[in-house]
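Given next, in structure tokens, is a single chain: the form predicted alone.
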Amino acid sequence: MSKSNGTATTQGALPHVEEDGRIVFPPQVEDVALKGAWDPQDILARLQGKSAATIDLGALKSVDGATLALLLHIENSLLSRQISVHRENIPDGLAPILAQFPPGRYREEDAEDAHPVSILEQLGRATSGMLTDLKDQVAFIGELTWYLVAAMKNPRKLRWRDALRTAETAGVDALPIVVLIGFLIGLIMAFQAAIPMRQFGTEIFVANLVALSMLRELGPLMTAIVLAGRSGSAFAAELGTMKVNEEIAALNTMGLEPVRFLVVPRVIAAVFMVPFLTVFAMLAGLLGGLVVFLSMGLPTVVYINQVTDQIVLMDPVGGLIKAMVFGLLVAGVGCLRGLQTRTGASAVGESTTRSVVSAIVLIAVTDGIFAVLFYCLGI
């Protein structure tokens, strides 16, 4: 070791291989400028053809994170090449620390070394994952219900500023796309219905078909699906990013419940905004049907009379009830998937995808339940 400009320089401060094959970790020296590059491949090349390697840790005075990471990396590299690893001369003071990190404990197996997964094991993993997810959903529903009831009892505790901002982004900003899709759905449905009805001279009933379909079924359904892909995914991405950045953990540390603080304003905003969007989707669908009706040479007054004669109060009311339930599902699922986000580069994307898929499936299932319920009630 030489001294130059007040800074010690050493070439032996990095692990090196002795002639007998031992890998020696040198002692840490403060204020040392390391020269030259070190590559684990150098050690592997020196040990090529050997079946065992010994790592001498006798010179270590302390173990920091970098030294420990380097040690584990060397050991994993050797083990991946079928070279057994043995540690020797471990200082007594470092033995308890190093005992927590035995060789090979954190080894990542190569894809070819991983054992094949049987069908039964795959089925078991899928079943376990479904049961775990169901448990999380039940717990989330209970917690969300508790805080929603608390918010209704004491509205002053609700973060209205966040709710209004969410209502603007999830509701007002979504109005153009909802109106466009509603108009196109009504237009397409009227065109498709006009072809067979014209064969029987019943083009006038196109208005009845469009009105019933948009008010009872397609209006709330298409609005919910659009919001699942637009707002539900945004909720999952926002909360997922906060989870990855450990902002959710920070809220828990400060004693703030994430569900009350982040989820409740989003759910309330979605529940109140989806019915309004559904009304615009219904009106846009009726307008699309009117365009087709006029293209067939029929007057507007006939279209209006057919719609008003066919529709009863329960038709739009039932559609709005569906819309509120769909809004609750979309917001709740999006927030749940966001809170379930794991760590990793693709975690937020996976949560966003899961939120959209889960929301659409739940919307379809719930819509089927409503259909059976309305049929049994004669609505």
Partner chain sequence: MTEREPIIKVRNFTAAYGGNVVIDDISFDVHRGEIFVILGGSGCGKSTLLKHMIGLYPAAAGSIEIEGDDIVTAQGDHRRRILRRFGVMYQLGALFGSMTLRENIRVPLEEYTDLPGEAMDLVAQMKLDLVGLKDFAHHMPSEISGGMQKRAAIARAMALDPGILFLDEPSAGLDPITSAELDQLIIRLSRSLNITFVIVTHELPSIYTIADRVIMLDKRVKKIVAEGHPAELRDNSDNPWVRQFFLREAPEAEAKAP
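Since the structure is predicted, the reported quantities are computational estimates derived from the model, not experimental observations. Numbering follows the first chain given and starts at 1. Just so we're on the same page, rigid core means the largest C-alpha set that superposes within 1.5 Å between forms.
Below, we turn to the form predicted in complex with the partner chain, even though it does not appear here.
Requested in this report: Have a look at 296, 180, 172, 256 for me and say which one sits with a heavy atom within 4.5 Å of the partner chain in the predicted complex.
Outcome: After the contact test, the surviving option is 256.
Report task. Only one of 74, 237, 251, 226 comes within 4.5 Å of the partner chain in the predicted complex by heavy atoms, so just point that one out. Result -> Here the answer is residue option 251.
Query raised in the report: Could you tell me if residue 161 has a non-hydrogen atom within 4.5 Å of the partner chain in the predicted complex?
Result: Result yes; residue 161 sits at the interface with the partner chain in the predicted complex.
Requested in this report: Consider residue 260 of the chain shown here, and say whether it contacts the partner chain in the predicted complex, taking contact as heavy atoms within 4.5 Å.
Outcome: Answer yes; at least one heavy atom of residue 260 falls within 4.5 Å of the partner chain in the predicted complex.
Query raised in the report: Wondering, does residue 135 line up within 4.5 Å of the partner chain in the predicted complex on heavy atoms?
Result: No, residue 135 is distant from the partner.
Query raised in the report: Does at least one non-hydrogen atom of residue 88 fall within 4.5 angstroms of the partner chain in the predicted complex?
Result: No, residue 88 stays farther than 4.5 Å from the partner chain in the predicted complex.
**Report entry** Partner-facing stretch of 270-278, 152-160, 200-208, 288-296, counted where any non-hydrogen atom is within 4.5 angstroms of the partner chain in the predicted complex
**Finding:** Careful reading of the contacts points to 152-160.
Query - Within 4.5 Å of the partner chain in the predicted complex: residues from 221-246 (heavy atom criterion) - result: Heavy-atom contacts within 4.5 Å come from 242, 244, 245, 246.
Report task. Spell out whether the Cα of residue 302 moves at least 2 Å between the shown form and the other one when the two forms are superposed on their rigid core. Result -> Stays below the 2 Å threshold, so no.
**Report entry** C-alpha of residue 99 off by 2 Å or more between the shown form and the other one on rigid core
**Finding:** After core superposition, the displacement of the residue 99 C-alpha between the shown form and the other one reaches the 2 Å mark, so yes.
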